[in-house]
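Take a look at this single chain in structure tokens; it is the form predicted alone.
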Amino acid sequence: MKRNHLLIIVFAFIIALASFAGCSSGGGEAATEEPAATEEPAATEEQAAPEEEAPAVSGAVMIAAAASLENAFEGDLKPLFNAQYPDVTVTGTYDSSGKLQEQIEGGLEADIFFSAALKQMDALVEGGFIDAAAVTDLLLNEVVLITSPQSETKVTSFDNITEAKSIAIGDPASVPAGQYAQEVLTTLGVWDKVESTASMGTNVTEVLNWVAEGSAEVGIVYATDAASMPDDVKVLAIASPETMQTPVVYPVAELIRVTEENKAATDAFVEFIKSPEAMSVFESYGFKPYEG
């Protein structure tokens, strides 16, 4: 009896141990550990504002420019500008700088003046048509003596220009190229003789055409004009700086009269003709950048 009782106690003890071991193991599947939550990046206080597109520019621009600039503007510059600003209409009027000055003073509704000399620009500044701060000296040119390729002239330089039977120059009263020619010939001491017989053109293009067609044996124009007609004229000589009182500087400026309606278009055109792209075009026509 005692032995049976002892077995019962031992058996009960074993069952108790087994039960205790089961409880300590968690009594089922072990709980899986929750993964740590990924922390979202903190929102910035201010989101970067998207870049705004430049407002479209529209309007009309009239440029009054020296005749020697016509080929560059009509041939390349206006089309290049309109490729960037298709809603801007650009018109040009081209003549001697002196005539353009008079027309502006008389009411010509130009927005930009591009002169072939400082004299006419200074006059419009003094007259209150242009703000001096708006003027930019942009280009340089040279004065050259030309003849036609078929000519048998004995003239070889400015020094012996009086050997020509007929001479064409721009009228110094209104044509800058004529003013420069007068400076050169005065320095050389032959102006009085040339003046008494020369044909006076109303602009440099007229002088160029007279020489090209042979109605004038020689003429004085800008280097860029001669370069525009290489098959029709040839250069005999380039005026040396020592014979000129002033360099051939082309200043440009916006007129004060520009209306608010066309202000943005005019500003855009002025900035364009000062750009590296436009300067490359001017140089292709024989101009040089002014670096004074």
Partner chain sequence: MEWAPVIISLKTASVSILITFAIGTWLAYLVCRIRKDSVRSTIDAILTLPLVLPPTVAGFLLLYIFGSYRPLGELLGEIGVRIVFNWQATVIAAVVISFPLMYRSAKAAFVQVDPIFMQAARTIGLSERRIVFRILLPLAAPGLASGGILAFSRGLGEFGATALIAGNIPGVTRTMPLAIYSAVVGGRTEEAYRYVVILILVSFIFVWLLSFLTDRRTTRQRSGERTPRL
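Rigid core here is just the name for the largest C-alpha set that superposes within 1.5 Å across the two forms. For clarity, every value in this text was computed on a predicted model and none was experimentally measured. Numbering follows the first chain given and starts at 1.
Just so it is clear, the following notes concern the form predicted together with the partner chain, a form of the same protein that is not shown.
Colleague: Among 71, 151, 136, 160, which has at least one heavy atom within 4.5 Å of the partner chain in the predicted bound form?
Modeller: Contact check passes for 151.
Colleague: Considering non-hydrogen atoms and a 4.5 Å limit, which listed residue (213, 87, 109, 131) is close to the partner chain in the predicted bound form?
Modeller: Of the candidates 213, 87, 109, 131, 213 is the one lying within 4.5 Å of the partner chain in the predicted bound form.
Colleague: Want to guess which of 97 to 105, 113 to 121, 195 to 203, 76 to 84 is within 4.5 Å of the partner chain in the predicted bound form, heavy atoms only?
Modeller: Partner-contacting stretch among the options: 195 to 203.
Colleague: Looking at the partner-bound form in the predicted bound form, is residue 171 within 4.5 Å of the partner chain by any heavy atom?
Modeller: Looking in the predicted bound form, residue contacts with the partner chain include residue 171, since a heavy atom lies within 4.5 Å.
Colleague: Hey, in the predicted bound form, is residue 166 touching the partner chain, heavy atoms inside 4.5 Å?
Modeller: Residue-level check for residue 166: yes, a contact with the partner chain.
Colleague: Determine whether the C-alpha of residue 92 shifts by 2 Å or more between the shown form and the other one once the rigid core is superposed.
Modeller: No, shifts by less than 2 Å.
Colleague: Would you say whether residue 123 is displaced between the shown form and the other one, judging by a C-alpha shift of 2 Å or more on the superposed rigid core?
Modeller: No; that C-alpha moves by less than 2 Å between the shown form and the other one.
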